Each structure stands twice: as structure tokens, then as C-alpha cells.
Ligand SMILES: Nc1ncnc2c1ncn2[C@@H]1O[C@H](COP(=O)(O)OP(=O)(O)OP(=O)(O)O)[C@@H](O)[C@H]1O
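Heads up, the chain below is alone and in the form predicted alone; it's given as C-alpha cells.
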């Protein structure tokens, strides 16, 4: 049985409040087996946030953890492509529970996997996006998931607010993805301040595309400039630029590339290890 998105309808305010209350009850019930929710955020686009979400999921799985990804970037979902399942579809049980698509042991839930046409744009406003995310959370059979990574769109809008508000009891902490440079530092500080305002913990920052190491002479080149992170923020890893990785991503073959040893993979594994270390010492654990 294939899972499909349902269309919304107008209801009066009283009925809407009751429906939301029931939905939140179902979210709580459905996510009860999730140990840690880790939102992966970025202050701006183009820094490789979705790539890092998928890569960290594969790294955590390799470290022996039960991992799932919720693709909450509704307007520009990248997780299905990166994980090589873009042509797959989520199924549903007779009871209406969504069954995630599984790739190398990682469970994947994305609106993109519910669309019959992958080029269908989702022209949704805030309330509908919030409802869609809550529906995915409440209807999915998450099972016993140790780490749920949530790939959020850039910025601090509806999707981030929904996850940080309604999954707060299971929030392990957020991971920010950035690249070097002054402009990015400015935008990252906004994201850090946002997390402080909403009372969400920050695990640390992953510096993507931090440098390029010449394969001939071994010289490090800081192509995007210096790594600029506030001194009180934990840097989980500096991820190098890897031209070979780019070729695999363009073909949707991240999983295949991850099976081979490289400096890039070692850096990602290092970031995942730092996340585990931070959560093990967290008072929320």
C-alpha cells in the first residue's frame, strides 16, 4: 500500500484546536521510541547541510547506531537523491502507518518519497508545512530509533520552529553546518542566537569545505578563507573538499562513496563520534 499526501480542508477554530491536540498526542506516541532528535541546520543555503545530514547518518550507522532521517526541507528535498532512493516510494501498512525507505540500514522519510511526480513543486505556506511535518512524525513507524537526524531548510523559519517546539522532549541538540568565511560567520551567529532564544541546545558546528589538500604535495589550501566560529562553540569537525565526492553526489551515489576509505570519510566519522560523545555527557541522556 503506497503512502500519499492528503489534502487539507477548512475547519472552525474550535475543531482545529481539538484536531491539533489529537495530532500532537499521536506525535508523542509515534516518536516515543526515538532516543535523540538531532536537527541539522544552517544559517544559509549552499553550505552542504543535506550532504552532511546524509553523511552523518551513514557515519552513525557505521558506528553501530540505529539511525533515521526526516527530510524536513519540504521545498527542496535532497536526501532521497543523496541516499540513492529518489525513485523509491514510501509504503503504508493497512493501519495507515508510513514505512520509511531503508538505504544501507538508514530509515528515510521524505515528502519527496510520497510524490508520484518528483518534479511536483510544493507551494505551501507556514501552517500547511507545520501540519505536513507533524503528519509525517505522527504517521511514521519509527520503531526503536536511537538517532533521528532532521534535515531542515536554511534559516530559522516554520520547519525549524516546528521541530524544536514539538520534539523538544526528545531533542538531543542541534548541529549547525557552515563553511569558512566572514559572511557565513555572521549568518551562523544568527542561527546560534535563534537556538538560544527557543531554548534548544547546540551540540556543535561542522565546518564543511573547510580546506583542500593537494594530492601531490600535501599542502593545505583554505579556499573559502579562515574558519571563523565563536570561541564558545564546539567545532565537531573540519570537512575537506573532495572532488571525487562531488562526482558521486552528482550521480546520487553517496552511499557507494562512503564505503571507501578517504580523508573526507574519516572527518565525517570524527564529527559523528564527537556528536555521540557530546550526547553521552548531556544531562538529557
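Residue numbers count along the first chain shown, from 1. Treat the numbers as computed from the prediction; the structure is a model and nothing was measured.
As for the form predicted in complex with the named molecule, it is not shown, yet the points below apply to it.
Between the options 229, 47, 38, 67, the residue in contact with the named molecule in the predicted complex by a heavy atom within 4.5 angstroms is 47. Taking 63, 249, 233, 223 one by one, only a single residue has any non-hydrogen atom within 4.5 Å of the named molecule in the predicted complex, and it is 249. Annotation: in the predicted complex, residues 73, 208 and 242 each come within 4.5 Å of the named molecule through at least one heavy atom. Heavy atoms within 4.5 Å of the named molecule in the predicted complex are found in one stretch of 135 to 143, 187 to 195, 98 to 106, 208 to 216, which is 208 to 216.
In the predicted complex, none of the heavy atoms of residue 27 sits within 4.5 Å of a heavy atom of the named molecule.
In the predicted complex, residue 51 approaches the named molecule with a heavy atom inside 4.5 Å. Proximity of residue 180 to the named molecule in the predicted complex: non-hydrogen atoms within 4.5 Å are absent; the residue sits far from the partner. The named molecule is not shown here, but in the predicted complex it comes within 4.5 Å of a heavy atom of residue 154.
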